[in-house]
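Only one chain is included here, represented as structure tokens and corresponding to the form predicted alone.
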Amino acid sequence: MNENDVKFIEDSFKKYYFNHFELIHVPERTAEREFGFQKFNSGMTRHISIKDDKELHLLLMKNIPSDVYCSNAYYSFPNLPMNEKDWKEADLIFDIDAKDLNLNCRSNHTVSICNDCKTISNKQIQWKKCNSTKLEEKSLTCKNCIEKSKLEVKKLFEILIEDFAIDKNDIHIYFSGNEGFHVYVYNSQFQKLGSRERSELADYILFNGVIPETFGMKKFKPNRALFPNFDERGWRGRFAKDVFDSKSKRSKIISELITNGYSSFQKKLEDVSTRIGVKIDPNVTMDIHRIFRLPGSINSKSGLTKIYCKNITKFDPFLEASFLNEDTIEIIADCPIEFKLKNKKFGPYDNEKVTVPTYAAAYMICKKLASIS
């Protein structure tokens, strides 16, 4: 990002942190957490200890970071190097990102940027201009991406409550500020679990490693009575609802499954897994030392805010997560994809001078699809 773009974005972010500090979620037990931040065109600064809101506000206004982070872990000494922090416990965090859902719509709103000649195209090919293959992809997330991500969040919410007996009030859902959602679990019986145990939790939620025998299928002499019923809890009940569709079809479908054999059933489980397993990033869940984007802070990949979702069904990130101001600015935009923010449509732009609100300019600049003219 060039100097003029950095100055514009930093000024916009500074105004946001000054005017919207009430949106910043200062987590409980603040003094036990590690904080960190990044500045534009610079590396990460972490191992920071903050006592309260006042210190956090000072950090934001003094440094004007591109991104702000906070640990899910609690430490005795959060400002010391990792091996000296004295880890106590950590909240459970799940990451659901549209880019991991293999959606067909992605190709319609993903652009490629050549790192050599800086050409931008929505055709993901080698450029004739410089014959480079060093391409960077940027996605302008669409409504379908968000809606499909919401479905994954809802599936996860159900599993956390029904299978893990977590109080729904201890589950907080945040829009990540870019392409998905972060689901936090506070004050649960899983706080002290290490990485290996959290990896097993992630496998359960992903529906990984399941075997036919769990659902009644055996290699030799399968027993119809062992197949799951609709009223069972957990994965057996979900399997029944997905595969049998209705109670009236259960007997007929069980007969077909037994006739088709064990290997066919294994393939059926793989298909079922893609539908009823929750597509979380397991590496995020198992990491007990990671620092996560601070709720209420701006995501430098989009200029949108990581914001708490009161109602996941009705939540619209293109309206509710866009907080930068409406002051207009002239930019050179090379954005071949139309996008919508605050109920206004922008683009497509073909390397042209346009005057747009700050929030739209920041969105395109953060996506590397525009620059200050």
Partner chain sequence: MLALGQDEIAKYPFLADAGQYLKEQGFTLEQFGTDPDLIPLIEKAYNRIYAACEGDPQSYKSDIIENQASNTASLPREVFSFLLSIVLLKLTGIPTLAKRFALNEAMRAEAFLEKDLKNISTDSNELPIKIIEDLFSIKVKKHNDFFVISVSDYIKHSIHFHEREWKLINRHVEDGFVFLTPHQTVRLVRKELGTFITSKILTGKKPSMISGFEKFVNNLISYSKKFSISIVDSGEYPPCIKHAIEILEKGENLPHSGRFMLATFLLSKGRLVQQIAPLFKNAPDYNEKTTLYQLNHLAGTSGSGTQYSCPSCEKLKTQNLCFIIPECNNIISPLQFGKKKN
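From a predicted model like this one, the values you see are computed outputs, not experimental measurements. Numbering follows the first chain given and starts at 1.
There is another form of the same protein, the form predicted together with its partner chain; it is not shown, and what comes next is about it.
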Report yes if any heavy atom of S107 sits within 4.5 Å of a heavy atom of its partner chain in the predicted bound form; otherwise report no.
-> no
Answer for D97 alone: is it within 4.5 Å of its partner chain in the predicted bound form, judged on heavy atom distances?
-> no
Verify the contact flag for R275: yes if a non-hydrogen atom of it lies within 4.5 Å of a non-hydrogen atom of its partner chain in the predicted bound form, no if not.
-> no
Does the 4.5 Å heavy atom contact test between A165 and its partner chain in the predicted bound form come out positive?
-> yes
Candidate from I146, V284, V210, L135 lying within 4.5 Å of its partner chain in the predicted bound form - any heavy atom = V210
Identify which of Q189, S248, T259, N169 has a heavy atom within 4.5 Å of its partner chain in the predicted bound form; exactly one of them does.
-> Q189
Do heavy atoms from each of K51, K62 and Y75 fall within 4.5 Å of its partner chain in the predicted bound form?
-> no
Name the stretch: of 137-145, 99-107, 284-292, 218-226, exactly one has residues whose heavy atoms fall within 4.5 Å of its partner chain in the predicted bound form.
-> 284-292
Between 237-272 and its partner chain in the predicted bound form, list the residues on our side with a heavy atom within 4.5 Å.
-> none
